[in-house]
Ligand SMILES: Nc1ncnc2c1ncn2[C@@H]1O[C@H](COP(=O)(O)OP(=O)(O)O)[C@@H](O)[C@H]1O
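The chain below stands alone and is given in structure tokens; this is the form predicted on its own.
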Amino acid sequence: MIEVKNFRKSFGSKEVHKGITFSVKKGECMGLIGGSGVGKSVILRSLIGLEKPDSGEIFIDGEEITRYNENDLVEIRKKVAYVFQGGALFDSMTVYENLAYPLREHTKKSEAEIKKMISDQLGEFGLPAAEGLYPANLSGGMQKRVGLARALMMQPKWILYDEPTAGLDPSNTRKIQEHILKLKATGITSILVTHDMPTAFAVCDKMSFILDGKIAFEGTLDEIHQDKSGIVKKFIDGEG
């Protein structure tokens, strides 16, 4: 469903990605982990064309997208939801208007249909009374949930999560975990970029660990525990 082959990217004279290769099967949630500055979010943004590799290939459902123009990328972005770290809500719009925006922009649904979809979505996320609020009136946890709710309005096939639990308290972190697991149960394919290892272990089927510009380890949670090199365990324990 998602495949990255020999992804290379430099910023100035610094080569950050030195041939990143990984794949995510249908229905899987893969954790993309590694230290700060290894370019995890750059890879994630490249999957919807917000960044471009210097070389390498990116396949989304069999389509190689690195040479797509902006019009082609719009079609990809309708199918791939990106959940930004800060929620990325429009400050000047209410919660209702934020959720309505992608439907008004990319579909021909009536206002009655949009209203019903938004009501259902906010109810699903435990935010039925938030329609008329502005982002500034929301807590950090609520902003994250509204951002995830908006990402789902187009009923995507894939979801890219960029640090969805960063800065959240345990209660809101658990709520985000529950939403990710619920979405995974519907068959949605996803990639989770995070430093929150408890969340990664709670929701991911496997992990790809970036070190020195390459994938140093890729495997299931059981394979991580059985890995004799202990490379991921050292990272988790703060030794790597």
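Fair warning: this is a prediction, and the values are worked out from it, not measured in the lab. Heads up: residue numbers just count along the shown sequence, starting at 1.
One more form of this protein should be noted, the form predicted together with this ligand, which is absent from this view; the next part is about it.
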item: Non-hydrogen atom contact Pro53 with this ligand in the predicted bound form at 4.5 angstroms; value: no
item: 4.5 Å heavy atom contact, Ser36 and this ligand in the predicted bound form; value: yes
item: Non-hydrogen atom contact Arg45 with this ligand in the predicted bound form at 4.5 angstroms; value: yes
item: Contact label in the predicted bound form: Lys228 to this ligand, heavy atom within 4.5 Å; value: no
item: Stretch from 22-30, 180-188, 62-70, 36-44 whose residues place a heavy atom within 4.5 Å of this ligand in the predicted bound form; value: 36-44
item: Any residue of 1-27 that, in the predicted bound form, places a heavy atom within 4.5 Å of this ligand; value: Phe11, Lys14, Val16
